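Presented as structure tokens, the chain that follows is alone, the form predicted alone.
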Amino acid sequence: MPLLSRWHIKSAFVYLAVALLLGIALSMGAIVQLPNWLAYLSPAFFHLIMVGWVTQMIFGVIFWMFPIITRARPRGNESLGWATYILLNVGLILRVFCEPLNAMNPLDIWGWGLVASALFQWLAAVFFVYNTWPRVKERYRNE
């Protein structure tokens, strides 16, 4: 398994564990009085599951398992793959911190953090698609 795939997949496992712990904390509010600020972490739970766990796992498995492009560069541009990983994770971490802070105390810095987060994640998706597109090949059959 390529190193980049291992990083994506192991990161996905970490995000899953963190998201599920956060989910437990959020659901505890149904039976005990929790600090008010905890409710602001609900969007972070969603992003940790969807971007951190699901998207990260998909990116890692696709980078590993999709058909090779050439023997010299079987998975495309590996530097672009690492840029995808970094942008996706920096964007997610920014989102997890800035979203609740912006909801509790709207300031320009938290708003701009959310904008940067969305931009980083969008760039990660664009880089991922650009790097993976040539690996989606039609299968030729002799009929």
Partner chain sequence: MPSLSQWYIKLSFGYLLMGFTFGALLLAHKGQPLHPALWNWLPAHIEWLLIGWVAQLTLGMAFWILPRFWKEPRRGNTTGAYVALVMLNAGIWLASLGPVYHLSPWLLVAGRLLEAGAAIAFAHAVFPRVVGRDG
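Since we're looking at a predicted model, the values are computed, not measured. Residue numbers count along the first chain shown, from 1.
This protein has a second form, the form predicted together with the partner chain, left out of what is shown; the following refers to that one.
When contacts are judged by a 4.5 Å heavy atom cut-off, Ala125 counts as touching the partner chain in the predicted bound form. For the chain shown alone, Met65 is a contact residue for the partner chain in the predicted bound form, at least one non-hydrogen atom being within 4.5 angstroms. Interface membership of Ser11, defined by any non-hydrogen atom within 4.5 Å of the partner chain in the predicted bound form, is ruled out. Looking at Leu88, you'd find a heavy atom of it within 4.5 angstroms of the partner chain in the predicted bound form. Taken together, Val51, Ile58 and Gly111 are fully in contact with the partner chain in the predicted bound form: each brings a heavy atom within 4.5 Å. For the options Ala39, Ile93, Ala118, Ile69, the residue carrying a heavy atom within 4.5 angstroms of the partner chain in the predicted bound form is Ala118. Shown without its partner, the chain has Trp122, Ala125, Val126, Phe128, Val129, Thr132, Trp133, Arg135, Val136, Lys137, Glu138 in segment 122-138 as residues with a non-hydrogen atom within 4.5 angstroms of the partner chain in the predicted bound form.
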